[in-house]
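Take a look at this single chain, the form predicted alone, given in structure tokens.
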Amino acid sequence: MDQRWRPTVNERDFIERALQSDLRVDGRRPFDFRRLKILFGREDGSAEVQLGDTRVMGYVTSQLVQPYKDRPNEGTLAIFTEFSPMADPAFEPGRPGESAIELGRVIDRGLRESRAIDTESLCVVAGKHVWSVRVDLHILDNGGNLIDAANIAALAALSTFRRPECTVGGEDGQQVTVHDPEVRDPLPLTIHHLPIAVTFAYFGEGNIMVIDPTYKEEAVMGGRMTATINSNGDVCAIQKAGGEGVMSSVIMQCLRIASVKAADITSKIKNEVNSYTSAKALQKVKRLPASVPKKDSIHAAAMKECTDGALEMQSAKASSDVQKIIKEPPSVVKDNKQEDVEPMLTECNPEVKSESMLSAGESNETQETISPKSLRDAVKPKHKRKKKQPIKS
């Protein structure tokens, strides 16, 4: 059952009269695109495009397959579309309908026939192993002009896709080894140009045309034409999906308009892809920029100054102590040594010990007159000692 929205006679008449006055229901001019927003997922090769109320998600995968016999040196590129009933009640689950098949063919023709993707770079071993790239397009919300939104989603996903790197080796040179992304960085696809699809809708007898039709305008339009063109102005494909005939002068005017719009959309896609690639590289490196100072730099500098001051004070104190030790008289040091040596000698020589005891019993006056020289004489052996002179009373 077709549950697509059908306008009433008054709604159809209102839309057509507004277009005759160069006005549209959503307030745009006839050749204005709706707001375009491109989002990327966490993994490479996934992108979501929002064109007004239309939302399309693209996801790219790859695998090694055997090439076609007529093209043994080229990889393959395939486009698959999935229409969910959540996006539009007119979409039925199960096998793809006519609109899904048409959408996939238009995008596939614009990408593959224009040689936008270098399929020869996808060859690993000629005639045996090539990379097969698959693009899955999921329609999340149908707000009109699915072709343009799906085309942008496919280009954005292909621009960020990275295939695993592989090497050829073995005894026969035919063994293929696919490396893990953590071992070797994946490789991007070689994209020569970006073919942009621009859809025009015709009203009346074909003399009124608008760009990027909405859901309601598609229900009223009399015909549609999609021109796939790149930023250089090269026409990659043209799709006229039935309806009323269009004059050649109108088609040439549409191509000139599509060339300008394609350049704007191409720059938008490239800017978004560059921003995504830069953010991904920063996350991988995890390096703090040199221009950003650390939070504790002031505290660290203060601590360093305090530490340097403390070290200077310690060094100055140590140098003063050394100078003080050097300036002390040598006699003091000598007396200290003699005081330390005297008890050791008295313990070893009992005679010296008895003499020292006798001398201790003498009066204080006698002890004061004893000089270090007489002490040394006491330590000497008996035959070398000097006789003491009696003290005259």
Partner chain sequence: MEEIRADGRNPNQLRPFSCTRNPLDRAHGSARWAQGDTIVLAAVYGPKPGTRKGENPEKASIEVVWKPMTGQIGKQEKEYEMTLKRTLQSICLLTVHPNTTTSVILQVVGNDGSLLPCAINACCAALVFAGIPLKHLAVAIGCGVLEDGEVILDTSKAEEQQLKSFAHLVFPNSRKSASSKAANQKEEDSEQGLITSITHGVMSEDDYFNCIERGLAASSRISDFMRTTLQKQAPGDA
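Keep in mind the model is a prediction, meaning the values are calculated, not measured. Numbering follows the first chain given and starts at 1.
The next section is about a form of this same protein that is not shown, the form predicted together with its partner chain.
*Asks:* Spell it out for me: taking its partner chain in the predicted complex, does every residue among D118, V124 and R163 have a heavy atom no farther than 4.5 Å from it?
*Replies:* None of them does, since no heavy atom lies within 4.5 Å of the partner.
*Asks:* So which of 88 to 96, 253 to 261, 275 to 283, 237 to 245 is the stretch with heavy atoms within 4.5 Å of its partner chain in the predicted complex?
*Replies:* Heavy-atom contact with the partner occurs in 88 to 96.
*Asks:* Considering D185, E113, E82, E205, which brings a non-hydrogen atom within 4.5 Å of its partner chain in the predicted complex?
*Replies:* Spelling it out, the residue with a heavy atom inside the cut-off is E82.
*Asks:* Just checking whether R28 would be counted as a contact of its partner chain in the predicted complex - the rule being heavy atoms within 4.5 angstroms.
*Replies:* Close contact is absent here: in the predicted complex, R28 is far from its partner chain, nothing within 4.5 Å, heavy atoms only.
*Asks:* May I ask you to state whether T61 is within 4.5 Å of its partner chain in the predicted complex, using heavy atom distances?
*Replies:* Contact check for T61: yes, within 4.5 Å of its partner chain in the predicted complex.
*Asks:* Just to confirm, K69 within 4.5 Å of its partner chain in the predicted complex by heavy atoms?
*Replies:* K69: no contact with its partner chain in the predicted complex.
*Asks:* In the predicted complex, does V178 have a heavy atom within 4.5 Å of its partner chain?
*Replies:* No, V178 sits far enough from its partner chain in the predicted complex that none of its heavy atoms falls within 4.5 Å.
*Asks:* Looking at its partner chain in the predicted complex, which residues in 52 to 70 have at least one heavy atom within 4.5 Å of it?
*Replies:* Counting only heavy atoms within 4.5 Å of its partner chain in the predicted complex, the contacting residues of 52 to 70 are D53, R55, M57, Y59, T61.
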